[in-house]
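Quick heads-up: it's one chain on its own, the form predicted alone, in structure tokens.
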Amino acid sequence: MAEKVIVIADSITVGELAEKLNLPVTDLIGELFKNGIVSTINQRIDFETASIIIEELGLKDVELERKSTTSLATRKVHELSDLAVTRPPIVAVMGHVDHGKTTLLDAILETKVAEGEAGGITQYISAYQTVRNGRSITLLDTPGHEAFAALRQHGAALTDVVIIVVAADDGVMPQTVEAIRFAQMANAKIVVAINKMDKEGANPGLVKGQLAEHGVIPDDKVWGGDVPMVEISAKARQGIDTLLDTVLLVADIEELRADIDTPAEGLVIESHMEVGRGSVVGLLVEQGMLKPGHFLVAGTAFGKVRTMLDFAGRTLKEAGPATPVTVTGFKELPQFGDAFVIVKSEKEARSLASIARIENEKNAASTNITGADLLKMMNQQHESQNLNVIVKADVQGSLTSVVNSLKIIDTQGEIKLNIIGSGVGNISENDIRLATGQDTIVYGFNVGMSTAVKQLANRDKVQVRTFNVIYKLLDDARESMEAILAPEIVETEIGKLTVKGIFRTLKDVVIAGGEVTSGKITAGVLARVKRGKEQIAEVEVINVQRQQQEAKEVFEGEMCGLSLKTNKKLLVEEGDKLELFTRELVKRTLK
């Protein structure tokens, strides 16, 4: 029986959750990061993620309870009518980067998806459909790079079945484990595709053993578990039909059904702007029938379906449950992951979007910086430096991932990354004007800019950097922050000397003799002059002599003469100690 019940809404900031759990916020951020979720103190996480993290932290005396809410974004559990029909399974393809997720989709769809992707890494969720033995299967290709954890989380939440792709020659990796957790969190069934069986060193037995360690037990006679595992080679197109048959078998056991004679509902899986088309939004219908002319509300956005296409760009007259579609007609871009609903009129759609906007503003108020954070920032403000950036991306999901990843770059509080603007679409003149005079970098991810914008950026000396692979963008941002990071002062002790005599004292130079008691002495080093425990001066050794001959180095146990340069008349006495050291500025890097 839990001793403590914490009631939260559908989402909560990391800082608020840490406070409710009486935990240091750094512990919570660290646990989230270990689970592949980059976060900051003021970032919101959903109820399911909070539940998983509490379980991972081993807080058995804490129970989360969801606060009742009327938010449109909440996914509903629908009561099926007697008229409900069998629907296609929604299948997410997940796993570690480079293990072959997109190549598998390529094999299933006979496309060349992988070749067109920057760095061979999926950058956003893409939805497709295939047909096997007359039955449709909806496929979601989810990113594998660690920066896209939030996208993968939505991918699992959309899903009935998760195909976890594991390379037979590489085994279970961190993002494999993460995919397992997300699938379990979404109560989705798991099918494992042991890929790259054509490669030398393929070891499916090792993969099965590693998966069993994470609670994914193979359903073969040896293991006696309940998770189907299919050995395939996506590159050689081997085992693909068996994998699809296995997915359909799992779907049959689940008896997936949905109503079609009801207003359509579903989720936004992508959104971006296109010249000539306006807002282009990818939707996944969960129930009901979506048609052109329907009025839609998704979060704070609303509109009327103007055009509707399938994943291959073909015009659709209607789209039923588990169908991915691309629509135009939204007045503004909805956020990816938003739930959408159909309403009767534009007036009703506008009203619901307005209510959602007010609700969002209330939630945003709770993410404001705390008084303690503000005080800490004020105390550090004189020490810190800023890097201002503007981020533009091709689609909403990519923008979210880039912004979240930039926020997590750790500079030990010395440099503050300010994202002063962000948005979906090509880099515009407004972006350049916003950056002008603020020493701001404009980052573009999978976007371009016109000749006029380039000329304006050159004229106003605004740095514009475009990338199509996210980790290259993050590396550039890290290097830019390192460039303005204050260098570290490093002092290295090299020796000690006891003054045995004073030969001459001038205005800013003392000529003395002494014995090196440890280490060595060379010209060009610095020295602290100590008398007893008190330091009376800091000087520079400008010359060293041994037996009246200039010496490069004098070592422990040897006598020498030396000239000490100071910025004032210094009375060095016999018996004073010199602590010899070097001091240099070392360029720092972000760990």
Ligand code: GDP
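All residue numbers are counted from 1 along the displayed sequence. Quick caveat, the model's predicted, so the values are computed rather than measured.
One more form of this protein should be noted, the form predicted in complex with this ligand, which is absent from this view; the next part is about it.
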Of the residues Glu332, Asp241, Asp476, Asp198, which one places a heavy atom within 4.5 Å of this ligand in the predicted bound form?
-> Asp198
Only one of Ile355, Val97, Ile419, Leu256 has a non-hydrogen atom within 4.5 angstroms of this ligand in the predicted bound form; which is it?
-> Val97
Which among 276-284, 476-484, 190-198, 449-457 is in contact with this ligand in the predicted bound form, heavy atoms within 4.5 angstroms?
-> 190-198
With a 4.5 Å heavy atom cut-off, would you call Thr103 a contact of this ligand in the predicted bound form?
-> yes
Within a 4.5 Å heavy atom cut-off, is Ile521 in contact with this ligand in the predicted bound form?
-> no
In the predicted bound form, Ala234 touching this ligand (heavy atom, 4.5 Å) | yes
